[in-house]
Every structure is written in C-alpha cells, then in structure tokens.
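As structure tokens, one chain now follows by itself in the form predicted on its own.
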Amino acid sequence: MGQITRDASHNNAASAFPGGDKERYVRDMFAAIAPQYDRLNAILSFKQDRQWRRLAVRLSNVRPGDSCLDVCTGTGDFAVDLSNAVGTTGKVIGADFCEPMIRHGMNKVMRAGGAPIKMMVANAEHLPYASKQFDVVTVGFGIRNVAGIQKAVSEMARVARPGGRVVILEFNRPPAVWYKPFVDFYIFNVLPRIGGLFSRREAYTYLPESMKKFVSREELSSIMQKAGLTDIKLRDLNFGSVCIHIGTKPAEDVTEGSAR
C-alpha cells in the first residue's frame, strides 16, 4: 500500500529548494501537467517508455528482497517496476520534489503487486536518507531536470550500499549522424505540438530544450565516476536517443567524503 511522507528536514519540501529558478520552474511545470503526464508519456514515446524502464530494472540486477530508491519518481512508474522485481520481501521508496506528481500516481502505486511503495516529497540534491542504505538507486528521465546534476548523482551514490548500483535512464543525443535529423525533427517540431494538444505546450517545449542542453553520455559517465561509482556501463536504446547508465558503488566506500 502506498503512502506519502515529507522530508522532515524541510518545513515545506514541495517549495523550499536552494537551487534557484530552475528548480522552481521545473517543479511548477510538472505540477501543472501532472494529470496528463502518464497518458502523454505513453503517446509521445509510443509506449516504449515502459520497455525502457523494465530493461533498466533487469540490467540493474535487482533481486527479490532488495531495498530500492527511485529518485525523481514522478508518478511512480519506475518505483512500480522495482516493486515487482524485489517482491513482497523488498523495500521501495519513490522520491520527488513535486507533490502533485506523486499524488497523481498514488492509485497506480497502491496497485503494485510487489513490495509496498513509500512515496516521499524530497529533493534529489539533498536526499533525506542515511548513507549505505539501498541496493539499487534509480532515476528515470529526471536527472536532466535537477539544478545540480553532480550533486544529485553524488547523493544517489551516497545512499547506495557498497556493491549497490546507481541506474540512470535518460534521453540523450543519438551518436549516429544519420539518425539525428529524424530525432531533432520529432523532438523540436512534432513533440511540442502533440504535447500542446493535451497539456501545456510550454512543458513540451521545455523537454527538447532540456535534452539539447543536457550533458553527453560521456560527460554523464564522468559525473558518475566523480561521485565515486565504478564499472560504468552504458546501453543505448532507440538508436541512442535514450541511454541507460549503470555504475557500481565500490565495496570500499570512497564516496562518503565527497558526497556530503
């Protein structure tokens, strides 16, 4: 059964963010589109987003009984897939800084067939969890929206147990030159128009702009390494327009000092 809690370290976790205008803008934008978010995801990805998340779960080597955290969980799709993977003996927390997104996902979360999912309003750059707590820490299509990517990834690494995995599923620019014009046409022309039919066009104009400004797959690998993660593995999907990064926290914890 799902439940929502707040980060007790902030008096108002839905609005008190230290990162400046980007965080406020993104939070307000997602709050506005929350009712249409799941439907639009399915339409705009041609329902491939489900397959991408489930593949990321498989590649993360989640086991029954594991403890998992999904950062920037939105309406909880990644958390549900993790719940199914860890089973009734596992533990799953979904954390997001936008409470309306969480609330619109609660019915879905409560129907999850595996571990009970605890949903929490919390900032990815200041995770309110003890170090070395989770076997797998994930983020799906959310890391490019945080104001401080390095800080958020370092926080994910901090709360992972030694030997645990940090998994990032995110849009990226395809490396294949022949494919880039098709991707660019879709994300800069088609996607905002379709999004505008069902929701705020502004939100689906932000999406391609955020993809264009996001770090490359190589830069994201470097960010994960700086957070103390090792054995970084990449898996390109959809001709490289989507990428899964998986890093492992070393058995000897070298992230503790840098992640605080």
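Each residue number is its position in the shown sequence, starting from 1. Everything numeric in this text was worked out from a predicted model, so none of it was measured.
As for the form predicted together with a small molecule, it is not shown, yet the points below apply to it.
Trainee: So, 96, 101 and 122: all three within 4.5 Å of the small molecule in the model of the complex by heavy atoms, or not?
Mentor: Yes.
Trainee: If we define contact as a non-hydrogen atom of the residue within 4.5 angstroms of the partner, is residue 222 a contact of the small molecule in the model of the complex?
Mentor: No, residue 222 stays farther than 4.5 Å from the small molecule in the model of the complex.
Trainee: Report yes if any heavy atom of residue 83 sits within 4.5 Å of a heavy atom of the small molecule in the model of the complex; otherwise report no.
Mentor: It does not: once the small molecule is placed as it appears in the model of the complex, residue 83 has no heavy atom within 4.5 Å of it.
Trainee: Counting only non-hydrogen atoms and a 4.5 angstroms cut-off, does residue 214 reach the small molecule in the model of the complex?
Mentor: Outside the cut-off, so no.
Trainee: Applying a 4.5 Å heavy atom distance criterion, does residue 142 contact the small molecule in the model of the complex?
Mentor: Residue 142: contacts the small molecule in the model of the complex.
Trainee: Where does the small molecule sit in the model of the complex: which of 26 to 34, 229 to 237, 214 to 222, 61 to 69, heavy atoms within 4.5 Å?
Mentor: It is the stretch 26 to 34.
Trainee: Identify which of 159, 136, 115, 146 has a heavy atom within 4.5 Å of the small molecule in the model of the complex; exactly one of them does.
Mentor: Residue within 4.5 Å of the partner: 146.
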